[in-house]
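The chain that follows stands alone, in the form predicted alone, written as structure tokens.
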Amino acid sequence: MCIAGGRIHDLQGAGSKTFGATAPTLSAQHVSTHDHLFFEGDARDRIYIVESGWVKLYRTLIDGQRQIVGFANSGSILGIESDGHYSNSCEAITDVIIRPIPAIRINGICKNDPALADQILRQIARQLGAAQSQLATIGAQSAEQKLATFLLSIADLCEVNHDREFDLPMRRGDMAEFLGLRLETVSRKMTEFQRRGWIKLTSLYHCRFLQRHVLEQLAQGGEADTGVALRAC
């Protein structure tokens, strides 16, 4: 699934020399929930490094409907998939801290910091691979398989290490829009996953894995073994 195109690790370490020399220009900025970083079709004058929080990327279709094409959290770079104009709109779904870089300075920054240039190339490769994976699974996966893949992807981006718990910052409607499912289907499947003892929802936006291996089996195209289900505790 195309969840924000992946992560960039040790970004500040890779570009610390460059950032230190240009701190006033690359200063961090706060973006409030539901505010936009940019809109589809706007001139691409900046790319953005997400330092904290979550955003969603979406595109407006010919009939006026929206299609969410990805989610991004800390470590992601936004705006690299377009040239002169942004290909997507980008909206904060939580409070976000971002660091904008003027597009006209990207070449110079990468020339002066090969480590940062390497990180950006790796990011592009991850995003391309994620987009190809999404295309391959759009028609091949069932609703259960799509949802399992999505939950695993979000958990991995959240770097789950606290008793297998993580936050789902997006609304159910956003999940449905991204997965190509109806809102009712996503809500029903989330409830079903909890009833079967695979996950536990401690709130609308907080999830805990109880049987991660079952979700991994689903995500890989298998069928869930429903013979034994843990009680949600």
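Small disclaimer: the values here were computed from a predicted structure and weren't measured. Position 1 is the first residue in the sequence shown; the rest follow in order.
One more form of this protein exists, namely the form predicted in complex with a further copy of the same chain; it is left out here, but the text below deals with it.
For the candidate spot formed by Cys110, Ile120 and Gly180, every residue has a non-hydrogen atom within 4.5 angstroms of a further copy of the same chain in the model of the complex. The contact residue chosen from Ser74, Ser153, Thr94, Gln141 relative to a further copy of the same chain in the model of the complex is Gln141, the criterion being a non-hydrogen atom within 4.5 angstroms. In summary, among the residues Leu61, Ala28, Ala43, Leu204, the only one with a non-hydrogen atom within 4.5 Å of a further copy of the same chain in the model of the complex is Leu61. Stretch 66-74 is the answer when you ask which of 46-54, 184-192, 30-38, 66-74 has residues with heavy atoms within 4.5 Å of a further copy of the same chain in the model of the complex. Proximity of Pro114 to a further copy of the same chain in the model of the complex: non-hydrogen atoms within 4.5 Å are present.
With a 4.5 Å cutoff on heavy atoms, Ala103 does not count as touching a further copy of the same chain in the model of the complex; it lies far away.
Interface membership of Gly84, defined by any non-hydrogen atom within 4.5 Å of a further copy of the same chain in the model of the complex, is ruled out. In the model of the complex, at least one heavy atom of Ala131 sits within 4.5 Å of a further copy of the same chain. Compared with the form shown here, the Cα atoms of Cys110 and Val50 sit 3 Å or more farther apart in the model of the complex.
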